[in-house]
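A single chain comes next, written as structure tokens; it is the form predicted on its own.
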Amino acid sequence: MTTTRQQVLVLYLDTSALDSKVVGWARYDGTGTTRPTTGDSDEPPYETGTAALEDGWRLFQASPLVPPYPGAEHATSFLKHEFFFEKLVRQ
């Protein structure tokens, strides 16, 4: 019997454009074949969000664009440009 499992890739990009540079990432593997963890690589899995699409990852969520409050344009905050990708793997 074949089952389908999901792998999830979260990419934080420099801007809201999918072809901008990856500045942070996380991986989750629902297949159980790998156990990725935070900080297990110094290099991003892809240079851009577009590169992930070209490798077969499917985009299923993008963060809404929220303008900064007036006067807070240069304040340190959370990573705003978060994109969720998935691959469905048959086992």
Partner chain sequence: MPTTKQLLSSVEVARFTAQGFLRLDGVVPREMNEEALGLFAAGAPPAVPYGTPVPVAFPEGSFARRLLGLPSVAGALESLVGPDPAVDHHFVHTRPPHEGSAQPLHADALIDVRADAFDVQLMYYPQEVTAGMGGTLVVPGSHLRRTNESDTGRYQNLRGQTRLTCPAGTVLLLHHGIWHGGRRNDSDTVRHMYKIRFNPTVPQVRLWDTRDVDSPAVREELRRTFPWYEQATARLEIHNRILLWRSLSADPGFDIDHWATRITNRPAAPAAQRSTA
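Numbering follows the first chain given and starts at 1. Rigid core here is just the name for the largest C-alpha set that superposes within 1.5 Å across the two forms. What you see is a predicted model, and the numbers here were worked out from it, not measured in a lab.
Not pictured, yet referred to below: the form predicted in complex with the partner chain.
- 39 is the sole member of 64, 32, 39, 56 with a non-hydrogen atom within 4.5 Å of the partner chain in the predicted bound form.
- Residue contact with the partner chain in the predicted bound form: residue 69 places no heavy atom within 4.5 Å of it.
- Within 4.5 Å of some heavy atom of the partner chain in the predicted bound form lies at least one heavy atom of residue 79.
- At least one heavy atom of residue 22 is located within 4.5 Å of the partner chain in the predicted bound form.
- Using a 4.5 Å cutoff between non-hydrogen atoms, residue 26 counts as a contact of the partner chain in the predicted bound form.
- Along 51-74, a non-hydrogen atom within 4.5 Å of the partner chain in the predicted bound form is carried by 73, 74, in order along the sequence.
- Superposed on the core, the two forms differ at residue 68: its CA moves 2 Å or more between this form and the one not shown.
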